[in-house]
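First, one chain by itself: the form predicted alone, in structure tokens.
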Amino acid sequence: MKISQISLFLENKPGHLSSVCQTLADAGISIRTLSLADTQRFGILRLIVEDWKRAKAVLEATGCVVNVTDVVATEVEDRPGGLAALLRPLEESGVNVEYMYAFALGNKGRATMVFRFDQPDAAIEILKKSGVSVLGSVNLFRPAT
């Protein structure tokens, strides 16, 4: 199952990141996970939030340019070689990972990874055939146990 992720460029200056976070907080929108990649002048902030449509509208109202991208979240065995085992069948099938990031979900013995694939539908099929748990937004937004 694909999950909608919002992305925006931020000027690499004090206050820009906190402004985005405060805007979402004021709207009552929870950030489930995020990734910030920087360059000298700009950063790319990638967010998974519970209500991406509302978050997009709220951020655009403040002047942000927001892009929506499909990503795939999976559980990965939290052990040496866990990620390598997950990636192997994707590589063998020619599916490329464009970027990825991890976050804690609260499942013992497993980490959660968010992937942007060049072929997300093919990646989901390959992962499921390999016995990998592909998570949907319902899984990501349930309270941690």
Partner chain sequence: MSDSRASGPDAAARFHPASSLDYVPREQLRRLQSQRLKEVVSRVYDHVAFYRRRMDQLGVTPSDIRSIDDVDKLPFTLKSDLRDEYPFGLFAAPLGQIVRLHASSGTTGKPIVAAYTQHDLDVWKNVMVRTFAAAGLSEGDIVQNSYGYGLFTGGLGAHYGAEALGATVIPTSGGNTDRQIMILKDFGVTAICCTPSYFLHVLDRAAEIGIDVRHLPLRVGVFGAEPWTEAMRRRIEELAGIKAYDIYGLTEIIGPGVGAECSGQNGLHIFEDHFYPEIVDPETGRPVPEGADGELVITTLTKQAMPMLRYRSRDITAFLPGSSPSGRTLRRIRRIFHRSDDMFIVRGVNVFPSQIEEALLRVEGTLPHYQITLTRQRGLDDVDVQIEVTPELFSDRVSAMENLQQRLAKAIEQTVNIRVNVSLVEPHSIARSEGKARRVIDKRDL
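On a predicted model such as this, the values are computed, not experimentally measured, just so you know. Numbering follows the first chain given and starts at 1.
In what follows, reference is made to the form predicted together with the partner chain, a form of this protein that is not presented.
Pick from 72-80, 58-66, 86-94, 24-32: which stretch has non-hydrogen atoms within 4.5 Å of the partner chain in the model of the complex?
Heavy-atom contact with the partner occurs in 58-66.
Counting only non-hydrogen atoms and a 4.5 angstroms cut-off, does residue 53 reach the partner chain in the model of the complex?
Because no heavy atom of residue 53 falls inside 4.5 Å of the partner chain in the model of the complex, the answer is no.
Contact between residue 103 and the partner chain in the model of the complex at 4.5 Å, heavy atoms?
Flag for residue 103 set to no.
Is there any non-hydrogen atom of residue 16 lying within 4.5 Å of the partner chain in the model of the complex?
Yes, residue 16 is a contact residue.
With a cut-off of 4.5 Å between heavy atoms, is residue 134 one of the residues that contacts the partner chain in the model of the complex?
Looking in the model of the complex, residue contacts with the partner chain do not include residue 134, since no heavy atom lies within 4.5 Å.
Using a 4.5 Å cut-off on heavy atoms, what residues in 1-37 are near the partner chain in the model of the complex?
Sequence-ordered list: 5, 7, 8, 9, 10, 11, 16, 37.
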